[in-house]
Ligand SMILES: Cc1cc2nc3c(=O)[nH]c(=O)nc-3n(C[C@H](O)[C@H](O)[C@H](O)COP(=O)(O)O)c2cc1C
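In structure tokens, one chain follows: the form predicted alone.
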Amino acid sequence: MEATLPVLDAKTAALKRRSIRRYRKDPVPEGLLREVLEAALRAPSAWNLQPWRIVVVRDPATKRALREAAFGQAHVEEAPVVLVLYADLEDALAHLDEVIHPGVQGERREAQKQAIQRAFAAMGQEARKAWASGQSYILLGYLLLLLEAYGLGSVPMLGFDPERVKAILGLPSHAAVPALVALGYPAEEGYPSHRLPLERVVLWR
């Protein structure tokens, strides 16, 4: 679908973005959410495994339950939409033919599948969950930038009980839940970004 409003370029969105915790009541059109999500899903991942999964929560009762799982953070319930970002590496590994490029065929394809399976065979479940979570944070960065570009405010959250979130949504017990993201049309400006200067964090060699 065509964008429903002017879309900011990546640099402008990055410089403009800030965390928003108060939202207007206006619903976010499903078509707009789909457009943002489809673009965010272009995020890269190792071996192209794409272990991330997203639950789009708009139901008031479910948001209320998630608020309790997020230690009472009001914006979880009050935002029009909450995205639950979870990682399911087991599902990705069970469906390797979905993610290996169709241009890779024959012996090369089988060799790639075997290499991927070997890489994770020695990992314990917690290590696999941590790996998949790390990949999912790449998607999270894309997602936050795109939401800003499309005129939507957002705030990522790490403060929640992942086991309760999984129980509320019926997610697999082996899944990891890296983040919740509340989003909607902003009802506040939020605090201006306060970031370390380039010279503080970048080394040149």
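All residue numbers are counted from 1 along the displayed sequence. The structure presented is a predicted model; accordingly, all values stated were derived computationally and were not measured.
Only in words, not in the display: the form predicted together with the ligand, which the text now covers.
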Check 155, 158 and 191: does every one of them have a heavy atom within 4.5 Å of the ligand in the predicted bound form?
-> yes
Non-hydrogen atom contact residue 19 with the ligand in the predicted bound form at 4.5 angstroms | yes
Find out whether any non-hydrogen atom of residue 75 is located within 4.5 angstroms of the ligand in the predicted bound form, and reply yes or no.
-> yes
Residue 25 within 4.5 Å of the ligand in the predicted bound form, heavy atoms | no
Indicate whether the ligand has at least one heavy atom within 4.5 Å of a heavy atom of residue 11 in the predicted bound form.
-> no
Mind telling me which stretch in 37-45, 145-153, 60-68, 158-166 gets its heavy atoms within 4.5 Å of the ligand in the predicted bound form?
-> 158-166
